[in-house]
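A lone chain, given as structure tokens: the form predicted on its own.
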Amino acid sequence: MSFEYEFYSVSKIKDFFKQNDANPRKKWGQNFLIDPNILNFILDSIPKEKLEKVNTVAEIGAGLGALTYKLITLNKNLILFEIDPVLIENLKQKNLPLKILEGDVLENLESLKNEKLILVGNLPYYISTDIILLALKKLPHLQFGIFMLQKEFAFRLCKEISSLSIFSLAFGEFHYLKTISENCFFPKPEATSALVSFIPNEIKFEEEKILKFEKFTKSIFWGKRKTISKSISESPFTDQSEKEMFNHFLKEIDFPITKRPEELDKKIYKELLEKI
């Protein structure tokens, strides 16, 4: 069975919203992909070996269904997250072979905690960090992810040393795939976008280690341009015993605590994670 997507043109998207007495909602980050080449790129970026391991593919922010129609061809259980009632009703009327979880993805994502899955989506920029952290922490069987993000955020996540990019090492690693022009969307977003992929670690760390690493990353990055030692000593995220424990541990393994966290590379943090 084949399904044909109908909203590649701006005029058809405008007509759809006019017929439904609605408009794209900026508060929900609604910018619809209209470039089929980008959709094909997303699909081709999902490794075949990852697809073979899963029964489920989940899409965050299905919108009008541009990516949804491509994902159907993967012949997996397809689950969509969508908050807009107008877009939900449109998808329901298509009788597509999928399940829709209606409402806020931050409230519904954990329902997939037992699923072995691939997660994709054009993430609303204003809650990208929240969605990514929730997926990392609450989806232990996540096999692969590919997300559309604001370019600056994608760069910080993949190429810079930041609290989020370092903490995410406890779960896997993000890779910058492709810069996406604002012309690929309607309405055009105010910022350039980028695609990133997420590849999980083969070895899963126990929850206690992840919690310690999260406190550690929050502590060393909270102070602007401070050394690691000073940031830990003044951190609002730890009590005095935890501060002493972190400082003692870092000195014991000869971690460069006189450096600022952004002066180190990911390899050093990966080695630290193994030792915690």
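Position 1 is the first residue in the sequence shown; the rest follow in order. Note that the structure is a prediction, hence the values are computed from the model and not measured.
Another form exists, predicted in complex with a small molecule; not displayed. Remarks below refer to it.
At a distance of at most 4.5 angstroms from the small molecule in the predicted complex, none of the three residues 45, 173 and 197 contributes a non-hydrogen atom.
Site annotation in the predicted complex: the residue of 98, 123, 157, 142 reaching within 4.5 Å of the small molecule with a heavy atom is 123. Comment: the small molecule is not present in this chain, but in the predicted complex one of 41, 237, 222, 28 has a heavy atom within 4.5 Å of it, namely 28.
For residue 89, no non-hydrogen atom is located within 4.5 Å of the small molecule in the predicted complex, even though that partner is not displayed. Put simply, residue 33 is close to the small molecule in the predicted complex: some heavy atom of it is within 4.5 Å. Taking non-hydrogen atoms only, residue 133 never approaches the small molecule to within 4.5 angstroms in the predicted complex. The shortest heavy atom separation between residue 127 and the small molecule in the predicted complex is within 4.5 Å. From the list 149-157, 165-173, 111-119, 81-89, the contact stretch for the small molecule in the predicted complex under a 4.5 Å heavy atom rule is 81-89.
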